[in-house]
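What follows is a single chain, given as structure tokens, in the form predicted alone.
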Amino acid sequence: MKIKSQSADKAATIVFYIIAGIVVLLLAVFVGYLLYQGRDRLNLHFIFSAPVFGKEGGGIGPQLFNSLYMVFLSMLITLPIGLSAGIYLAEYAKPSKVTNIIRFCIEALSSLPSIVIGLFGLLIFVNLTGWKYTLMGGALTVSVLNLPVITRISEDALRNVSPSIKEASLALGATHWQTILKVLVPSAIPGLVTGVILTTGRVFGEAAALLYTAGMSSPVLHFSNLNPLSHGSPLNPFRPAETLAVYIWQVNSEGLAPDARKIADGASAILIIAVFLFNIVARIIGRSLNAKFTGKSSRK
């Protein structure tokens, strides 16, 4: 019987290793294919120059900046609200009908297609506000899309912190809020970083919701103009902004340039590299903050 159990354990281990290997292989093939197809456009000229419609040799500079700015604005909105909601559900909400309704709303919102959220953003953040197509409208729409993810991940990350850490803080005389702010949240940073990575990746790759809210064009940006109230300033959140994912879709569907396929391949490769770099940087910052707040760095 013991031999059979050991054999079953070895077989299961081998199966899980094979499945993990397949996942890694699929990712490597996918990323490798995109990088290979876009290898000719992996240069600084393509990254920093603006598109030249109707001619070859255009770049993706404004679109890449718009994507990064969209991530910044959406995280500025999503993180405080999502983290606060996660803290409430993990530390303050008692089991009740109201809590069940809140959880049901979060799950329902997380399952809505992005195109539906985009139409909601079109009605509220474009038409009702009178802003028309803007970066802010796109950021608010994407925030609605990502709030359920951040909320659930924040709640789970806080609940997964060892209860002994919380009890030790309370035993030392800290208030509940001080324990949350200075003990639980720093200890939950690795889980929170995972949520940030998931949501930022979704912002980078989102196209459907932003078609209806941020628009499919951008004004000529003057990067020397840092006045956020100026129409031509890249920092103006109330201007139309075509993100990189939207530009890839537009180039492929409308054929705005003779080398449209090469532009789309290069933009896709840059998008993948940007997502990977952001993930790596977020992991490094998350580990550094976790080590700082939990005192691991001082023990080395």
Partner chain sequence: MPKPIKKSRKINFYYLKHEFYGKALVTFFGLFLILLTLLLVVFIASKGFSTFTKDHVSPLQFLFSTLWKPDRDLQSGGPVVGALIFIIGSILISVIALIISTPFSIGTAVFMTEISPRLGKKLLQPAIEIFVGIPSVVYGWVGLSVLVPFIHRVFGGLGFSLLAGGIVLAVMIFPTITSVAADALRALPGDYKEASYALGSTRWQTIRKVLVPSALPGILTGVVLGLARAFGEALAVQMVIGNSIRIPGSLLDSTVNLTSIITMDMGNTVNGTVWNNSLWSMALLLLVISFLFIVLIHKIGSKGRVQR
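Because the structure is a prediction, the values reported are computed rather than measured. Positions refer to the first chain, counted from 1.
If you look for the form predicted in complex with the partner chain, you will not find it shown, but the lines that follow are about it.
Novice: Of these, 220 to 228, 159 to 167, 108 to 116, 184 to 192, which stretch puts a heavy atom within 4.5 angstroms of the partner chain in the predicted complex?
Specialist: Checking each option against the 4.5 Å cut-off leaves 108 to 116.
Novice: Using the partner position in the predicted complex, report whether residue 151 sits within 4.5 Å of the partner chain, counting heavy atoms only.
Specialist: Residue-level check for residue 151: yes, a contact with the partner chain.
Novice: Taking heavy atoms only, is residue 123 within 4.5 angstroms of the partner chain in the predicted complex?
Specialist: Looking in the predicted complex, residue contacts with the partner chain include residue 123, since a heavy atom lies within 4.5 Å.
Novice: Looking in the predicted complex, any heavy atom of residue 73 within 4.5 Å of the partner chain?
Specialist: Contact check for residue 73: no, nothing within 4.5 Å of the partner chain in the predicted complex.
Novice: Is residue 47 one of the residues lying within 4.5 Å of the partner chain in the predicted complex, judged by heavy atom distances?
Specialist: Residue 47 lies outside the contact set for the partner chain.
Novice: Even though the chain is shown alone, can you say which residues of 178 to 208 have a heavy atom within 4.5 Å of the partner chain in the predicted complex?
Specialist: If the 4.5 Å heavy-atom criterion is applied to the partner chain in the predicted complex, 178 to 208 yields 178, 202, 205, 207, 208.
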